[in-house]
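Presented below, as structure tokens, is a lone chain in the form predicted alone.
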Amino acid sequence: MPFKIGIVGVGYAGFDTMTPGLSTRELMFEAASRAYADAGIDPRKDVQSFICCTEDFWEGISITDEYMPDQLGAVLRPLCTVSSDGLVGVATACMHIASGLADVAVVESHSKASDVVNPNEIMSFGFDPVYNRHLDVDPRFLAGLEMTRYLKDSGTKREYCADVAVKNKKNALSNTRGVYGTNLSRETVLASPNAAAPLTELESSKVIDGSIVMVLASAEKAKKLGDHTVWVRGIGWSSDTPVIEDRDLATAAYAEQAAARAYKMADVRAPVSAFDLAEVDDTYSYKELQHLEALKLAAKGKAGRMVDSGSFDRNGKLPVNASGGSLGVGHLLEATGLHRLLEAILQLRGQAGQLQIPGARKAVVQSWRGIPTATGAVAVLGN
């Protein structure tokens, strides 16, 4: 039987550089209330599983599970926390539903990055404490190393990475959630200060606050809820080795492996022609190119040239990050994968406003948890 789980409700709140008038819990409550209204459900009666994707270090609180139920309507209900990207939480919800554990599951993830005073220290804490963790060094040094290796091994021109930032920030100008939308030239991007050479600051996404909630349901239940269901046809996730020295920094093995599983589940045999749009991780400019090649949406070493030629523009052959991605909208920490999913769902529903891609019916969504991890997920969506 084909895999088919419905996303029947979506809600979000925030999407700004700072949200001083709202606490983390208030952001979550707003997003959850909108998602439940969208799906037409009562969380106290209709939901059997709640999943939150958070990381204690970003929250500044230990055992964050204890602080999640109230604002989601999950008090005294089954709730678990997944310390990973939001798209991995969606995969967890799919497993709960496919196993018969739940008919309806809710996934939430958020960012209150404006409250974090030591983001570099938190990122650095993820590195090996003996060999890789460095005091007073920007943890993005790993992104600089990866970018250098990717450019060398793939033969990609340096300028093509800058084109990614130009494209995505321009797309974000048409997105109501696009905090960092702007018109830039390739030269301006290349001339911006270094984040971790050769990566520049304009090629490195900046954080924002926000919360996103998704309501998923079994195929049978989804038919009774909402009127704009988007179906998850396949989903996969993977983690490469945590040992940086053992990785091939030129490739995104986690994305290749996750995509292979999602494509097999969804019976996608020719990815390059299977989708109407793609929302892929662009935490850093080179990552979009690396991920496109890992997803087999571009041949090895060809993604940069395709960006330069306009193939991945909003009106191109395959629109990639028509939303503006993380470079244009902003990075949402563990909720970044849910943001990629949200933008794809709005497209498939025909609710993307000025960003709308005519006739969009199939999409691929990909996430990456960020430095220093090699963890990611891929979902195939369809109407």
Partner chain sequence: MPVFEKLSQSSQARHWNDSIPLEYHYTAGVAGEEFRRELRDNGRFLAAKCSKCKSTYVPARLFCPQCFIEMKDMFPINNPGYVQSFTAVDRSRDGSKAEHPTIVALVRFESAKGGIIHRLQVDRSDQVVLGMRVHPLLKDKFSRTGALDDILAFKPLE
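Residue numbers count along the first chain shown, from 1. What you see is a predicted model, and the numbers here were worked out from it, not measured in a lab.
The form predicted together with its partner chain exists for this protein as well; it is not shown, and the discussion that follows is about that form.
Of 228 to 236, 178 to 186, 283 to 291, 123 to 131, which is the one stretch near its partner chain in the predicted complex, taking non-hydrogen atoms within 4.5 angstroms as near?
Looking at the other structure, the answer is 123 to 131.
Whether 21, 138 and 194 jointly form a contact site for its partner chain in the predicted complex is the question; each needs a heavy atom within 4.5 Å.
Yes: each residue has a heavy atom within 4.5 Å of the partner.
Can any non-hydrogen atom of residue 36 be found within 4.5 angstroms of its partner chain in the predicted complex?
Result no; residue 36 lies far from its partner chain in the predicted complex.
Does its partner chain come within 4.5 Å of any heavy atom of residue 316 in the predicted complex?
Because no heavy atom of residue 316 falls inside 4.5 Å of its partner chain in the predicted complex, the answer is no.
Would you classify residue 145 as touching its partner chain in the predicted complex, given a 4.5 Å non-hydrogen atom cut-off?
Yes, residue 145 lies within 4.5 Å of its partner chain in the predicted complex.
Would residue 219 count as a contact of its partner chain in the predicted complex, using a 4.5 angstroms cut-off between non-hydrogen atoms?
So residue 219 does not count as contacting its partner chain.
Of the options 65, 46, 30, 55, which one has a non-hydrogen atom that comes within 4.5 Å of its partner chain in the predicted complex?
Spelling it out, the residue with a heavy atom inside the cut-off is 30.
Pick from 69, 60, 350, 40: which has a non-hydrogen atom within 4.5 Å of its partner chain in the predicted complex?
Of the candidates 69, 60, 350, 40, 60 is the one lying within 4.5 Å of its partner chain in the predicted complex.
Need the contact residues for 231 to 253: heavy atom within 4.5 Å of its partner chain in the predicted complex, sequence order, or none if there are none.
The stretch 231 to 253, when checked against its partner chain in the predicted complex, contributes 243, 244, 245, 246, 247, 249 at the 4.5 Å heavy-atom cut-off.
Please say whether the CA atoms of residue 249 and residue 135 come closer or move farther apart in the predicted complex, knowing the change relative to this form is 3 Å or more.
Closer together, which means the C-alphas of residue 249 and residue 135 are at least 3 Å nearer in the predicted complex.
Looking in the predicted complex, are the Cα atoms of residue 250 and residue 135 closer together or farther apart than here, the change being 3 Å or more?
Distance between the C-alphas of residue 250 and residue 135: shorter in the predicted complex, by 3 Å or more.
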